[in-house]
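Here's a solo chain for you in structure tokens, the form predicted alone.
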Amino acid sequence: MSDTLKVVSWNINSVRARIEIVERFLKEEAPDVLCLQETKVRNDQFPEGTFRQLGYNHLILNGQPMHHGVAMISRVPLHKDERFDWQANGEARHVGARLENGVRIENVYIPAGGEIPNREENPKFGQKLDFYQRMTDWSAALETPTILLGDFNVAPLESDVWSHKQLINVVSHTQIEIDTMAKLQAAHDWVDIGRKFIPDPERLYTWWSYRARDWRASDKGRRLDHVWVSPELENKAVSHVVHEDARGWAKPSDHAPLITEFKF
């Protein structure tokens, strides 16, 4: 493995439906490791051939029919893959593996949580908070240098959303979610790489709704996708960008890819 590593996180919203833009992205950006969320496909139907033709011969899949699903696609070897059931119901929402240098990458798709921010009225919201708690317990015991990335489905800062005032009671930006995410971050002293390179209060979004007629003009975005690292890896990260242009490609995902480069 070379000293530099380019890692991408992307909620693709169906890898088969978006395979053309995935292929374009890989040809243009040439990441070493691509972590996808919401692949929406069983493992035996995953389009492995497209990736292998481009030199991505290391694939670790955790899929299910129609919904959820995560995958790690890599040009460099991956070892000791794991799949944690932080949802506690068998849904395919996590996959992780170790790089040859000992660093682990954990790829997660945290539940959106429905529309009502109350666990009594909306069980899906409770599942989201419980998912975060299980991740917090895992983080507190973590001793391995780790890159934790994916769709966290929470935009914690005012500058992570287009309107704090209008979204403070909307799931993904409520105070209870922000506090819950903060507890997860504190459990391992996770470093938020997005805000390391693009400091608050600068605008930083990764998701724009399909409902917008012109997503770029209205720019009603949220930062739902994140890359966090163990404290000892903070200075190994040398760049981080959100590839917003991909949101405007043909048949796009509503999420943009996050590109982080490391130098080990």
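Remember, predicted model here, so these are calculated numbers, not experimental data. The first residue of the sequence shown is number 1, and the count goes up from there.
Separately, the form predicted in complex with the DNA exists; it is not shown, and the next lines address it.
Can you pick out, from D137, D85, E115, E121, the residue that has a heavy atom within 4.5 Å of the DNA in the predicted complex? Looking at the other structure, the residue within range turns out to be E115.
Here the chain is shown alone; which of K236, K220, H58, K196 has a heavy atom within 4.5 Å of the DNA in the predicted complex? Selected option: K220.
Going by heavy atoms within 4.5 Å, which of 32-40, 197-205, 227-235, 48-56 lines up against the DNA in the predicted complex? That would be stretch 32-40.
Would all three of S14, M66 and H255 be in contact with the DNA in the predicted complex, where contact means some heavy atom lies within 4.5 Å? Yes, the whole candidate spot contacts the DNA.
A187, heavy atom within 4.5 angstroms of the DNA in the predicted complex: A187 lies outside the contact set for the DNA.
My question is simply whether Y109 lines the interface with the DNA in the predicted complex - judged by any non-hydrogen atom within 4.5 Å. Because a heavy atom of Y109 falls inside 4.5 Å of the DNA in the predicted complex, the answer is yes.
Within 4.5 Å, heavy atoms only: does R18 come near the DNA in the predicted complex? Yes, R18 is a contact residue.
I'd like to know whether V76 contacts the DNA in the predicted complex, with contact meaning heavy atoms within 4.5 angstroms. Residue-level check for V76: no, no contact with the DNA.
Sequence-ordered list of residues in 141-165 near the DNA in the predicted complex, where near means a heavy atom within 4.5 Å: Those in contact are D151, N153, W162, K165.
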